[in-house]
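Let's start with one chain on its own, the form predicted on its own, as structure tokens.
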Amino acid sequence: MTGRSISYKHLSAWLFTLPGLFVQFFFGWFPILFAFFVGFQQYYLVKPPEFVGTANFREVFSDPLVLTALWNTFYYAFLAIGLTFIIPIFVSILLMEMAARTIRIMMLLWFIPVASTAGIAIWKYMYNPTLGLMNGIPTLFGMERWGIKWLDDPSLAMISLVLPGLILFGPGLIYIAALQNVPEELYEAADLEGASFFRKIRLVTLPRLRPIIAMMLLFSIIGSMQVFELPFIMTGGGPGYATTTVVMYVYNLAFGAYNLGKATALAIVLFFIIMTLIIIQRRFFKENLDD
């Protein structure tokens, strides 16, 4: 009876697990495996594939636009992590020192769902050099000379893409939720020891936030290295190629030039770059100070 019960439990567990495994395989693992197959093929939609070995990868590494896209992607990741990842940590810590009513209002604002695609489109028109709000405000005060060609200036286009992330992406809600679980006794003990405000942040707050920061940093690295919708909607990769990222160039190769082989090869290169960054992050940024 016991053996039958155990077998039944095992069978039930597999029956509940198989649908999830099926979805994970066909929408997760299989596309990755198929990508490695396509990356070594001359693969066009209009004709049968042909095995070409490492020709696609050699073409990727010799393409100057790939180097430009890689530089743009790393530059965007640097700006995005510096502005939309680090700043909310300190903003959340400062908010926790304010009144409870203020904290609740900020949490409500961060919790309001924002349609990112619609928000990006709105920001695109806000950057319009003649009709946009960003140049319209100086014009109201008679300062037309302060007008800036935000998305049309190669030196400002990338930073203009990052700025909406300060509003559209609100990790501060997660940090505030984590800070509310920090035992008040730790701060009281620090006060008894005569610790200053910044010392309490360094010795009490940041160690308690460390696991959350490590997780959010991981998500930020992955997300910023795969950015697509921001440059696609706001600049189309321009001006010139100033905001063309790797994923956007993969899109252009696959659906513009219909060169799926080279596009997949570039996607594989990006995959290994992201995996390398994740390994480095997991190696040097531990979730716990004792590790």
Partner chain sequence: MRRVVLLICSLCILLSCTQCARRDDAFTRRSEEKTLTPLDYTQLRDREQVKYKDVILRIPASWGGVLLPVDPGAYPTILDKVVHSGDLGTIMGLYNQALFELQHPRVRVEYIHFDMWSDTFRSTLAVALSARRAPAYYIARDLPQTIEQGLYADLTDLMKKWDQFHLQPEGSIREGTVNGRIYTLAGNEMGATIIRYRKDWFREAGIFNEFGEPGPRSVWTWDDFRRIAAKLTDPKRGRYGFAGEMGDFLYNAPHGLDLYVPDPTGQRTWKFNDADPELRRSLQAVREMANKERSANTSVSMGWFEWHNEFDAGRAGMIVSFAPHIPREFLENPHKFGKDKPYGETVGMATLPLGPAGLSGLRPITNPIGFDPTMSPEQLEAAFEWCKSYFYGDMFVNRMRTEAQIARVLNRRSTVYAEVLALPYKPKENLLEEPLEKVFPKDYLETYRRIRESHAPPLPREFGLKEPPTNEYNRAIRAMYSEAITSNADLEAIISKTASIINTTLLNFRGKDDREQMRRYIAARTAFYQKHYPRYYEQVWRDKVQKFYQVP
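Throughout, rigid core stands for the largest set of C-alpha atoms superposing within 1.5 Å between the two forms. Positions refer to the first chain, counted from 1. On a predicted model such as this, the values are computed, not experimentally measured, just so you know.
Heads up, the form predicted in complex with the partner chain isn't pictured, but that's what we're talking about next.
L15 belongs to the set of residues with a heavy atom inside 4.5 Å of the partner chain in the predicted complex. Proximity of F90 to the partner chain in the predicted complex: non-hydrogen atoms within 4.5 Å are absent; the residue sits far from the partner. Of the heavy atoms in F198, none are within 4.5 Å of the partner chain in the predicted complex. Using a 4.5 angstroms threshold between heavy atoms, L33 stays clear of the partner chain in the predicted complex.
Note that among 74 to 82, 203 to 211, 123 to 131, 98 to 106, the stretch whose heavy atoms approach the partner chain to within 4.5 Å in the predicted complex is 123 to 131. Only one of V38, M234, A69, V227 lies close to the partner chain in the predicted complex, with a heavy atom inside 4.5 Å, and it is M234.
By the 4.5 Å heavy atom rule, the three marked residues L65, P154 and G256 all count as contacting the partner chain in the predicted complex. In the core-superposed comparison between the shown form and the other one, T17 has its Cα shifted by less than 2 Å.
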